[in-house]
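In the block that follows, a single chain appears as structure tokens, in the form predicted on its own.
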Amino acid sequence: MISKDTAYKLTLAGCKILRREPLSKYCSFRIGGPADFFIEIPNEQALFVFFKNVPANYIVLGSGTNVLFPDKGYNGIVLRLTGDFKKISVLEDEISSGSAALLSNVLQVALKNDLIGLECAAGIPGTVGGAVYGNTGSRDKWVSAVVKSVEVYENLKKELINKEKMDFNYRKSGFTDCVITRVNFSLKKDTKNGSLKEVSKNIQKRLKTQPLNIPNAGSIFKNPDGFSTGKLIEEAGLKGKRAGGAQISQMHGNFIVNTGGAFSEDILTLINLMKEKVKEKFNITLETEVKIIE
């Protein structure tokens, strides 16, 4: 899939290439077999070299907090941005962040500079690119509210997309056929000094309601209009149900945790059970939020 000549070009550009790298090391579920190739891209020049020399059979991975890899691994290339793509800068009331930066780090920078707008990101793991791709946030506030522009690469073409051309929706962004490399946030000055209080409140809420100390991938399903998936699953009597080393969380019905030694098939068994029972009891079809790689 990657010839010696291509590998040489990528290495020369500063890329790190790993063969048969276990994907369990790179996702919060701690599940997944090896990828044919795992490639880390340190800067835009290296990304250009990648696009110019590598076929399209690849997926982009952030911090792996919302993904389930198969036990057999991935027959292709897993691409992860690093290096320059983690840089964060501030100019007045705007923050420019590489897509590989942790969302929590961007929030810290915002707080240090008395900027508000990203409080909904408090306690949410993952990278900036992943957060924008999935339009993460709380029930009533999404990260898209403060996104000003997004820089993307589609093959060899670089483009800066402004807010008015974006297609954000609930847990969707429209950035499906490109690689997000940089995000520019438009924030506001915190004149009332209330941002730290809101951040603390959001973090405390997550600590009390989510099993953050056990490997998981966050919410398994999106919330149907007017419903809480967690409550639907709880009312269906599914909390605590197990399959192998996987368990539907006793703390939050919309979480599946890896209690130790779980396989992707265990997770999928519980996902299918949750779908089946909620459909049977409430006639509601659940839609997965976690990205299932085949």
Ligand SMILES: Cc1cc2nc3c(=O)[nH]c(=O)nc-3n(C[C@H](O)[C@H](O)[C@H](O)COP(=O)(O)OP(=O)(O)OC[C@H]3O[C@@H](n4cnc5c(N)ncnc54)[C@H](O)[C@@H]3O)c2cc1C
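We number the residues from 1 along the sequence you see. Everything numeric here is computed off the predicted structure, so don't read it as measured data.
The same protein has a further form, the form predicted in complex with the ligand, not shown here; the description that follows concerns it.
Using a 4.5 Å heavy atom cutoff, Gly64, Gly130 and Glu289 all lie near the ligand in the predicted bound form. For the candidate set Ile88, Ile116, Cys178, Ile161, a heavy atom within 4.5 Å of the ligand in the predicted bound form is found for exactly one residue, namely Cys178. Contact with the ligand in the predicted bound form, judged by any heavy atom within 4.5 Å, is made by just one of Gly73, Gly126, Gly83, Gly76: Gly126. Contact annotation: Leu212 falls within 4.5 Å of the ligand in the predicted bound form, judged by heavy atom distances. Contact between Ala236 and the ligand in the predicted bound form is not found at the 4.5 Å heavy atom cutoff. The ligand is not shown here, but in the predicted bound form it comes within 4.5 Å of a heavy atom of Arg171. Of the heavy atoms in Arg206, some are within 4.5 Å of the ligand in the predicted bound form.
For the ligand in the predicted bound form, the listed stretch (64-72, 241-249, 45-53, 225-233) containing residues with heavy atoms inside 4.5 Å is 64-72. Interface residues of 210-225, taken as those with a heavy atom within 4.5 Å of the ligand in the predicted bound form (partner not displayed): Gln210, Leu212, Asn216, Ala217, Gly218, in sequence order.
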